[in-house]
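Have a look below at one chain only, the form predicted on its own, in structure tokens format.
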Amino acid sequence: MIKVGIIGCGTIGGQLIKAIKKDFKGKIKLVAVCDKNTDKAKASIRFFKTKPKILSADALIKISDLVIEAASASISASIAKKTLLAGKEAMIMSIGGLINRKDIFRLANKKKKHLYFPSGALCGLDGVKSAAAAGISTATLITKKPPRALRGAPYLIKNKIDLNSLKRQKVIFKGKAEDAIKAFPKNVNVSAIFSLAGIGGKKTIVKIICCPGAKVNSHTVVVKGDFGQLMTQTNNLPSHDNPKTSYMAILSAIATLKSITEYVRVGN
């Protein structure tokens, strides 16, 4: 039985809490949750007969075997580091916070503890990781989202870009993945996992296109290298609870939990 603590009880964290109760009986025990909004934390565990504890992040780490971060890129690196230093394992959803944090990856290897990064809303990462073993020359991510899935991004506010005035699709960002992560920290988490699987945030190119009227969040990956060329396209429906989160991101977190609890694994 794996003792799990979840930090962040929002869209993804809330769905993981429900999944643990429904699908992981006898394999996972949710021992604690943490959220800056105490009412949200209480609401997320209301259907448990034996209630998990509501704790601070530090207290939660102490009693957990596996800590799941589903809060924010602003704290994900700190949570990962504290968890590893405590000799525990971590699953990080806000992967953008760990770009260029090789110190944390070294710490995981030193402590011999796992850091899990679900694939999120992006499909094809198994091929990207395989291609990286031989060598990748170029890696490009093209993300298309409706205005509501991009609103509030720091890049849009800083550059005074009004998405409501758009009548047709428009490229609103093109640059390095590490810059895209800072510009759209809550909108293009896929660029972070894509970078980690491939050639890093400095070499990976990200293009973000705003598409008025679009019903899905679309991600196209184009990778070229010694292996040949790889291209995948994922059209994600948004979560019912939050248009900035793709439903696939939630499912990938649940699938990662499943792989942790099972001895047979499919894919690399």
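Just so it is clear, the model here is predicted, and its values are computed rather than measured. Each residue number is its position in the shown sequence, starting from 1.
Not pictured, yet referred to below: the form predicted in complex with a small molecule.
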The unique member of Ala131, Ala121, Ala197, Ala177 whose heavy atoms fall within 4.5 Å of the small molecule in the predicted complex = Ala121
Answer option from Lys224, Lys51, Lys203, Lys40, heavy atom within 4.5 Å of the small molecule in the predicted complex = Lys40
Mind checking whether each of Lys36, Ala71 and Thr245 has a heavy atom within 4.5 Å of the small molecule in the predicted complex?
-> yes
Options 164 to 172, 180 to 188, 83 to 91, 98 to 106; stretch whose heavy atom lies within 4.5 Å of the small molecule in the predicted complex = 180 to 188
Even though the small molecule is not shown here, does Ile75 get within 4.5 Å of it in the predicted complex, heavy atoms only?
-> yes
Using heavy atoms and a 4.5 Å limit, would one call Leu257 a contact residue for the small molecule in the predicted complex?
-> no
Although the small molecule is absent from this view, report whether Gly8 comes within 4.5 Å of it in the predicted complex, heavy atoms only.
-> yes
Spell out, yes or no, whether the shortest heavy atom distance between Ile12 and the small molecule in the predicted complex is within 4.5 Å.
-> yes
